[in-house]
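Next up is one chain by itself, shown in structure tokens, the form predicted on its own.
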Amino acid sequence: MTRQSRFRACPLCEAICGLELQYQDDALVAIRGDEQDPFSRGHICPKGNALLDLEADPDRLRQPMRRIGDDWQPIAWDAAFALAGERLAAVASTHGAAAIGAYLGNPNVHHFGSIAYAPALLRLLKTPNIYSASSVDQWPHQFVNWAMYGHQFLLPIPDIDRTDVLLMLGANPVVSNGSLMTAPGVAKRLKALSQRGQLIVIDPRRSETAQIANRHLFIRPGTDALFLAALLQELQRLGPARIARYHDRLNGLDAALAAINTFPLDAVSTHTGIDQAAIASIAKVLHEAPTAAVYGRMGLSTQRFGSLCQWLIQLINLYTGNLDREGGTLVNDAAMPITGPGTASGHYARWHSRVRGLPEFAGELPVSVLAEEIDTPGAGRIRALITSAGNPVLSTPDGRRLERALGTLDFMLSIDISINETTRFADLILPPASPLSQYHYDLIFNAFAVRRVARLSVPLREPQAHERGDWQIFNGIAQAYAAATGKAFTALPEPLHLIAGGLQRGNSGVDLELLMAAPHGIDLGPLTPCLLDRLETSDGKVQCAPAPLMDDLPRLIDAFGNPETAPSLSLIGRRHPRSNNSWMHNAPRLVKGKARHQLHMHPNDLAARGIASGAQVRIRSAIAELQTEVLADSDLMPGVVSLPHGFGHGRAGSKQQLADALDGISYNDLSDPAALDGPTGNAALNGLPVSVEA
């Protein structure tokens, strides 16, 4: 027997690490990091090895399944496509296009066959009811990019390999691998930064990233916008804005600063828990650093003032002269561009949700309204739902209400590999083939990487006759729906054709032939300043004072007018290197070891309530009361409790044996769908007021 190595990028994580997959007689037997990958350089996280479990998962669906009562029966692909098209067409014909909804989960961005092919189906449906995991994650990032720079994906990325100072808020890249700052082996990169300069972390928890930082400060959840406003005021005390390099390309900076300066500095410490002297010292570090960058991620975006936080971060980087600068923050000029002509730049408030009247952004509505759009009677009510690689029962606010609503649908179609807490309600499940049998180019995370890189992942085995790639599934549903409605639809060509065309739109000189000849990927060098040349605003300038953000500032001031209204306990999320949201708990390699589902609480808070570590507790939010185990954790700020996202399995009808046996409650059975970021409607999952008792 011979062992052979094959190479591709990991499809399970934001870090896009290069993998060396070892085969023995065509059987996958081992996975390790690709030491020849110029970007990840041999780094691999636990999720990379979990591909072995994903490929061998006994609960994984490998053919279309149709639900008949409480039973599931296999159905042929052609019959499945025809059924999907006919049922969706019947709903649209009777109730209108808005009666069909669609939800796209996080894994869709990890595979080209989904992210490049789903939009064609959605355009064909012509429904305003499109939802995705983006509005429980990074919408404030995208919204601020659109409002300031004219495109939702013109995302300035910290130049972490060259910066002298990095101020980080609400982010734990040592665990998340960087997320909207794609950086495989990020722990080594951050340690190198802390040795040559300063890494400063602001977080309610002494996270894994905070533990390697030069300085860590606790902050009360949901108050980051106050801290950032005070920091910007302190920078103004130290000197004028360093904006000469931007020439006349700024619009509204003076108006933005004047509005921010109305917030009283002496109130910030009371609310944030960070004294004014500490804020002033951080401002001094940023002001004096040769280069610096400020970065905020999930913990900032998923709070009531997420968009204000991301706006203030951009203004601080701009004020210090570090926006669009080497060692500061830079936009990636990707080999396959996701900005520029023909791309989805974004738009805002062209329509609103039916029940609550929340605005769309970039063609989607906030997922916090999905349940009410299904269970509230009236014209435009969602009666059919398509889900793709998503588990919104566990990953969106008030999952229990959504769970009840899904049972009332006329028809539900899921593109998924398992029968989980959400897809158990589907009438039809279409499972995509293994990503290892498909061509893939990472469209999103290459464009958010801290270096310019390019890599084509080629199929490591031939698809079997009974398998269909995700791109074939989206094409098949669209063709069947078009046939049932009499609409015209031309199926998109295979991925390799689209990838070649996407590379031709770039200016890197990389084409399909070059990528085919480079199995370990190509390093195109560090990021370079290019934002000012790529602005897509109407006047070609950076919009420093966008109206939706300026209008939201009074809400920030009003919200913290009375410090006595602060909750006694605030709930925040928590992530683990072996956790990838709600969709990888059926992998033995990711769930082995000690349990990780518990509520964490500071020892002083436990003692004040007479609760012992390891006890069962009741945790109560505005919408629910649940019971779970609590553990003492001195790495938490007093007054803060922490619960991991993605647990709460074991619902009746789910068929994931390992996941269903795990202990734990769903964070989103506690999260309030009325708690939202103001401008975008992004879910405010962090900083939820809760009570805990024995």
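Counting begins at 1, following the sequence as shown. Please read all numbers here as calculations on a predicted model, not as lab measurements.
Missing here is the form predicted together with a small molecule; even so, the following discussion is about that form.
Heavy atoms within 4.5 Å of the small molecule in the predicted complex are found in exactly one of 475-483, 596-604, 490-498, 175-183, that being 175-183.
Although the partner is absent here, P588 is not a contact residue: none of its heavy atoms lies within 4.5 angstroms of the small molecule in the predicted complex. Heavy atoms of R468 never reach within 4.5 Å of the small molecule in the predicted complex, leaving it off the interface. The small molecule in the predicted complex is approached by R575, whose closest heavy atom lies within 4.5 angstroms of it. Within 4.5 Å of some heavy atom of the small molecule in the predicted complex lies at least one heavy atom of Y103. Proximity to the small molecule in the predicted complex, defined as a heavy atom within 4.5 Å, singles out one entry of N446, S207, S457, N317, which is S207. Among the residues D324, D159, D137, D398, the one placing a heavy atom within 4.5 Å of the small molecule in the predicted complex is D137. Contact with the small molecule in the predicted complex holds for all three of M298, D416 and N420, each having a heavy atom within 4.5 Å.
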